[in-house]
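One chain follows as structure tokens, the form predicted alone.
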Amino acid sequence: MDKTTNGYHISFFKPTTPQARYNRNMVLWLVLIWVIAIFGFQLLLKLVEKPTPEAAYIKFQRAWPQVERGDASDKELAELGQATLSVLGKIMLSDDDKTVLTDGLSYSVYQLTPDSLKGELVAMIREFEQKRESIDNISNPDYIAAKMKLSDELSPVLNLSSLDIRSKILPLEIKSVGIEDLKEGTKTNLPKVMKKYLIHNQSFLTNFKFLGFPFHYFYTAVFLLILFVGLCLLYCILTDRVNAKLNIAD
């Protein structure tokens, strides 16, 4: 078919009428605004962000050199255990990272326990592990009681109060196997794992709160949706105006 003689052929990018040209230009401008609003903000976030460590990472950095040398004080060992628990409480952890963190936590609790009670500590953790493996429902009363008992026994070792959420997960994360020594793999990888989960890129765009939300979250999750609806409404209004200007009726 000869397209040059087809009166119904319409090209968005090669308009032949004033209305079609106006429509193309308007759509391109609105798309450009939308692209700048999305990717411009992401670029701005990248430009102004700075790596910011959590308080747990600062404590870990302070304690780790002494722990690695084997001459850490009780305070430094407790800070190691608290810092590893802070990461273990996060939802998204790889299995390898969790193994390293668990090893660091278990080692710190074992080292903080008096020599005369170390055997009792291992037996207590092992007993809870066996209880945990034997149940098929975590609402089992005996399991809950055993978990609370172990939490009450171990939390004071790490200077955790009963109100500290980390005391609730402590029984679930500590392991009895290999608790006596810090594995070489843990020595190598624990600093990397802590850095991975406890240092975040932040800026005034992420720290500033707007309507109760961090601004970058509000902008991405709420404002961009409102902007999209607004651009659609603007397209309709401008289309009506140009139709009226060109005397085009429905």
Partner chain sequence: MKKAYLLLWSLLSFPLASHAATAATQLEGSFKVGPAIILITILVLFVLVGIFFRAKDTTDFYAAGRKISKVGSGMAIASNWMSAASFLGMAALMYGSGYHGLAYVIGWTGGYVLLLILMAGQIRKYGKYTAADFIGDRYYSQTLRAVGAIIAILISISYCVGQFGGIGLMFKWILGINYSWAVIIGGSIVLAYTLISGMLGVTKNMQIQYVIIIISFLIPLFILTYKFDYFWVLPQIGYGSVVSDAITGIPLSETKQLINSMGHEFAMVPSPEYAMPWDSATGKTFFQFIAIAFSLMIGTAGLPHVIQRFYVVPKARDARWSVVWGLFFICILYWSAPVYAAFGTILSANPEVGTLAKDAIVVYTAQLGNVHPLIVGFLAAGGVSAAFSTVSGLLVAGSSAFAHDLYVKVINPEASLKRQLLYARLATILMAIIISAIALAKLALIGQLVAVAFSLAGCTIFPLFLLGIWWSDSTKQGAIAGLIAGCIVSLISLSYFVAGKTGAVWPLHDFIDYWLGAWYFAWIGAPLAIVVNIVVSKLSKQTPLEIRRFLVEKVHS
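Residue numbers count along the first chain shown, from 1. Just so it is clear, the model here is predicted, and its values are computed rather than measured. Heads up, when I say rigid core I mean the largest set of C-alphas that superpose within 1.5 Å between the two forms.
The following text describes the form predicted together with its partner chain, which does not appear among the structures shown.
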Of the candidate stretches 116-124, 136-144, 73-81, 102-110, the one with residues having heavy atoms within 4.5 Å of its partner chain in the predicted complex is 136-144
Its partner chain contact in the predicted complex: Q130, any heavy atom under 4.5 Å: no
Would Q66 count as a contact of its partner chain in the predicted complex, using a 4.5 angstroms cut-off between non-hydrogen atoms? no
Any chance N201 has a heavy atom within 4.5 Å of its partner chain in the predicted complex? yes
Would K183 count as touching its partner chain in the predicted complex under a 4.5 Å heavy atom rule? no
Stretch 210-234 - residues with a heavy atom within 4.5 Å of its partner chain in the predicted complex: L211, G212, F213, P214, H216, Y217, F218, T220, A221, V222, L224, L225, I226, F228, V229, L231, C232, L233
Verify the C-alpha shift of W29 between the shown form and the other one: is it 2 Å or more after superposing the core? yes
